[in-house]
Ligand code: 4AZ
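The chain below stands alone and is given in structure tokens; this is the form predicted on its own.
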Amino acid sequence: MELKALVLLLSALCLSDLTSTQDSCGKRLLVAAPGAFRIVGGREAPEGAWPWQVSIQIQSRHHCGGTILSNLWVLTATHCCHKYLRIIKSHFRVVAGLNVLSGPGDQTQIRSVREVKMHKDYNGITSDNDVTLLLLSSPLNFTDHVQPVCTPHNLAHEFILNFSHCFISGWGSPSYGGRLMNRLQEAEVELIDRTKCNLITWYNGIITENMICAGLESGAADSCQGDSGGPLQCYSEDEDRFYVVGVTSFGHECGLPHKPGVYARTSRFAGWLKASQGASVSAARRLNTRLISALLSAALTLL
């Protein structure tokens, strides 16, 4: 009787993984809404400040950042992955709910990577289309420390969200060529118009419509090595939630005037994100449906 109950419980859990949805994306359960004071440069992020931020690791060493979109999907940059295709997939892992690299706590969740879906039009020279999706081996459990972020439905939706504060976060080095930070860092940045970012004295025309610049004109707040793939996240006062506006892609060194960080603009990839997740989830649903059927058959034989 106890074995039958266990099998039925496993079946229910598999089914819930397939049908669960997350309606409260972009919510920080442990940290209040952004205040009116600007963070210049970086500072340690409060515990639980960015519950969708993950560390993508190779053999337990931090490699890149990433952003939780759902319990099965993490968004990151293609340049974090395309040179490492020959590495055994089992060497990659995603760590969620992490604040201190050297001291993961009870709130952390570790998942291996089942599938890597890189954008087929990624250009390694121009860094255009620098987005990749990671399908996790098993679903994340949403907690105060682990939550999904929201994504803009399209470019028009991005414009009407009325963003008031934008932040970058990660364990990247505080200066060009420096060492990684042990504690998660955050900094408030400004979104910079593409026309301005393409000025001759800025990036001289290399910023495509699939990119967005963010930082400070002075260079005082910027992403750096180790932050790649992590989120540029903006707060919508109208909806009281955060959206991932960009994926950390590249920049000229770090923290230089007129050379802000450049991010893959997620609103430009909304259709690709939806289609890519849907195709693989359908395959996973067929696989898990067979597993559920097998579990239910086993349970029936125990009646």
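Numbering starts at 1 and runs along the sequence shown. All of these numbers come straight from a predicted model, not from anything done at the bench.
One more form of this protein, predicted together with the ligand, exists but is not displayed; see below.
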Proximity to the ligand in the model of the complex (heavy atom, within 4.5 Å), stretch among 24-32, 65-73, 252-260, 237-245:
252-260
Quick one: of 224, 207, 98, 189, which gets a non-hydrogen atom within 4.5 angstroms of the ligand in the model of the complex?
224
Only one of 132, 169, 228, 147 gets a heavy atom within 4.5 Å of the ligand in the model of the complex. Which one?
228
Does any residue in 98-132 get within 4.5 Å of the ligand in the model of the complex, counting heavy atoms only, and if so which ones?
none
